[in-house]
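For reference, the chain that follows is the form predicted alone, supplied as structure tokens.
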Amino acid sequence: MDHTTRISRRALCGGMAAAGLLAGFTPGLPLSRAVAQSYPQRNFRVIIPTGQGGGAERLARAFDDAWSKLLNQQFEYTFHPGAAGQIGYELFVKQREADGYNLLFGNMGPEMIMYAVQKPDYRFPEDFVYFSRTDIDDSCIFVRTDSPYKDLKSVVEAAKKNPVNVAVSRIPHPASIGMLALGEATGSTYNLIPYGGGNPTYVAVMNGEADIGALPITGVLSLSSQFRVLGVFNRENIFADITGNAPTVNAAFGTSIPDLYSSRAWAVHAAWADANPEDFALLERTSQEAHASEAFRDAFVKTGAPVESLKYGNRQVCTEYAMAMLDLAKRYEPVLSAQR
């Protein structure tokens, strides 16, 4: 009886291995979980709708250090910048198979503004859903360390006399809206110059091609030896201690500009998520576990960005934020369109 039982177990394991059912076994995971996990069985393909080497790539790779271990699969990235993110989104929605192995890692703030302003022919949230937010990244105004602009008021005073050139990553972006709103509120004028990503925007400010820059703050702080933050577009500067107590724009000028921040998130095709609720739930659960892990935080710290920006959000949080950004974009659409 015992012999029969042992043979049956070997035969069972051999059959499972032949069928590939043990291919997803991860040391340290309960065998029952590994056996039950029929998804995923191959690597994920991720579209990032911005350039290689930017903040999105650094954040995504730090995240998948932890997530890949939970899913026992790797992440393969391609980068498709252009048209403020529209090229990457159209590629994802229209040409990538809705099979749960194709993901998108997007920046919800600027890319929902792009969606509202440029009106591409895909649909949100019908075609794709954001399901795992990684961070909240406040927009800020910054200058190089030897800039003649010492504070926000000196920038505004100069911009009342002559337009000030502002380097931005793209026109449809929360930081760009902030500059336009600041101009409206104070009677100052800004020329927004889109550089197509964070890295070229930093370079433009460093070499003096642009007078000031407006970007999400975490990337700026990772280059704190090169830049000074003059102010943030939020109700509170949570990085006051490492920005020399830079004020909020609203506090400096008595304005009521809404909070303007970026927020990156993982997305998947809505059709696959709706048709495969258990597999989608696995992505949701493991991404939350990855976000809470030390492995992710340790990898993120190595990028030089502050961990205070890491804020998990589920599908509901992501959807509410994305819809709020659509409303904000519609509010400023005439101004954004006039500057393009």
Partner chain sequence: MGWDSALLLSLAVDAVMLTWVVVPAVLLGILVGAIPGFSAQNTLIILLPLTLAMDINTALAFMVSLYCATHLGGGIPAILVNMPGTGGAAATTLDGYQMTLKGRAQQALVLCFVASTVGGLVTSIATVALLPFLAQVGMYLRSVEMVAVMVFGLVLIAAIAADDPLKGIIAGFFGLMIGAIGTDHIYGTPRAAFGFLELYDGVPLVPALIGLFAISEAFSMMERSTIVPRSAVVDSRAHWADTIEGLRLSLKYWWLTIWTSFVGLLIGVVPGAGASIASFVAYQQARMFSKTPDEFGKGFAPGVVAPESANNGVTSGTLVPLMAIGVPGGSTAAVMMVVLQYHGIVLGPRLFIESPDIAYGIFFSMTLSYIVMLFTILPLARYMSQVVLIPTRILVPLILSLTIVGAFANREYVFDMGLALVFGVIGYIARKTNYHVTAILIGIILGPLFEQYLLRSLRIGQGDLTILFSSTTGNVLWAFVVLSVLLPWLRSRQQERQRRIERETPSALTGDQPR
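Numbering follows the first chain given and starts at 1. Values in this document were obtained by computation on a predicted structure and should not be read as measured data.
Below, we turn to the form predicted together with its partner chain, even though it does not appear here.
The partner is not drawn, yet in the model of the complex one stretch among 134 to 142, 234 to 242, 196 to 204, 148 to 156 has residues with heavy atoms inside 4.5 Å of its partner chain: 196 to 204. In terms of contact with its partner chain in the model of the complex, the residue from E90, D99, D127, E184 that brings a heavy atom within 4.5 Å is E90.
With the partner removed from view, the residue among R42, R297, R45, R285 that has a non-hydrogen atom within 4.5 Å of its partner chain in the model of the complex turns out to be R45. Each of D65, G82 and I171 places at least one heavy atom within 4.5 Å of its partner chain in the model of the complex. Taking the partner from the other structure, its partner chain in the model of the complex has no heavy atom within 4.5 Å of any heavy atom of A116. Remark: Q95 counts among the residues lining its partner chain in the model of the complex, judged by a heavy atom distance of 4.5 Å or less. When its partner chain is considered in the model of the complex, P163 lines it closely, a heavy atom lying within 4.5 Å. In the model of the complex, its partner chain stays beyond 4.5 Å of every heavy atom belonging to K311. Residues of 57 to 71 lying near its partner chain in the model of the complex, listed in sequence order, are E57, R58, R61, D65, the criterion being any heavy atom within 4.5 Å.
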